[in-house]
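The form predicted alone is given below as one chain in structure tokens.
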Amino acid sequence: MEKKKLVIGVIGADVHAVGIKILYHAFTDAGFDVTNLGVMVSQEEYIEAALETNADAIIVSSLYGHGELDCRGLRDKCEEAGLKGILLYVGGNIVVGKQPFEEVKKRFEAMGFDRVFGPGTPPEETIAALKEDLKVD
């Protein structure tokens, strides 16, 4: 069976590199074909990479708290680029300050994200969600 393809990276002006490396290894070890764009990734770079690799999902990571601003409009841009219905995940410290996660989750879902993961989510939880959403055994 062909491996499901993921595009991952840290969005915006964020330079937190350790977490994305951990995710890269976890997703690769779980059997996914992963393109890691690294840090300081623009929405356009995610979309270009997803188109080039024929990705099944885009996974956006953010640790510096500005994920909400950085992610706004990503779903629309994906659809305009021909990535209709691509799986969109976001996770990390995605908002500034202490905000109730349920509210944060609702806002990101309203922006078109399929799944929203809070700070400190173990990679296994994201992998389980990917396998469920991409129908992988």
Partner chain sequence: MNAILLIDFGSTYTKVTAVDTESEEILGTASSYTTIETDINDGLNNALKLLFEKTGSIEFAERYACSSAAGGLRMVTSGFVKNLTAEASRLASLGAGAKVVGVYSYELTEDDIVEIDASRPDIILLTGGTDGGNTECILKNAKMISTLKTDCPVVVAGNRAAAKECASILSQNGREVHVEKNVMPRFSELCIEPAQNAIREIFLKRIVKAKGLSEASELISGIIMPTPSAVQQAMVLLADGTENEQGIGELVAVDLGGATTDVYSVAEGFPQNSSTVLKGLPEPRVKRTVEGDIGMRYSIHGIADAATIKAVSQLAQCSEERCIEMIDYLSEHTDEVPTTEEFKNLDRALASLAIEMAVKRHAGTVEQVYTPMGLAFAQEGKDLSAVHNLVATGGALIHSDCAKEIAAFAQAKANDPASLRPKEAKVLVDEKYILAAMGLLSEHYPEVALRIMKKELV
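Positions refer to the first chain, counted from 1. For clarity, every value in this text was computed on a predicted model and none was experimentally measured.
The following text describes the form predicted in complex with the partner chain, which does not appear among the structures shown.
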None of Arg72, Lys77, His66, Lys105 but one has a heavy atom within 4.5 Å of the partner chain in the predicted complex; the exception is His66
Which one, Leu87, Ala30, Met40, Met111, lies within 4.5 Å of the partner chain in the predicted complex by heavy atoms? Met40
Given that the partner is absent here, does Asn93 sit within 4.5 Å of the partner chain in the predicted complex, heavy atoms only? no
Is there a heavy atom of Ala49 no more than 4.5 Å from a heavy atom of the partner chain in the predicted complex? yes
Mark Ala57 yes when one of its heavy atoms lies within 4.5 Å of a heavy atom of the partner chain in the predicted complex, and no otherwise. no
4.5 angstroms heavy atom contact with the partner chain in the predicted complex for Ala128: no
Is it true that His25, Thr121 and Glu124, all three, sit within 4.5 Å of the partner chain in the predicted complex, judged by heavy atoms? no
Which residues from 5-19 come close to the partner chain in the predicted complex, meaning a heavy atom within 4.5 Å? Lys5, Ala13, Val15
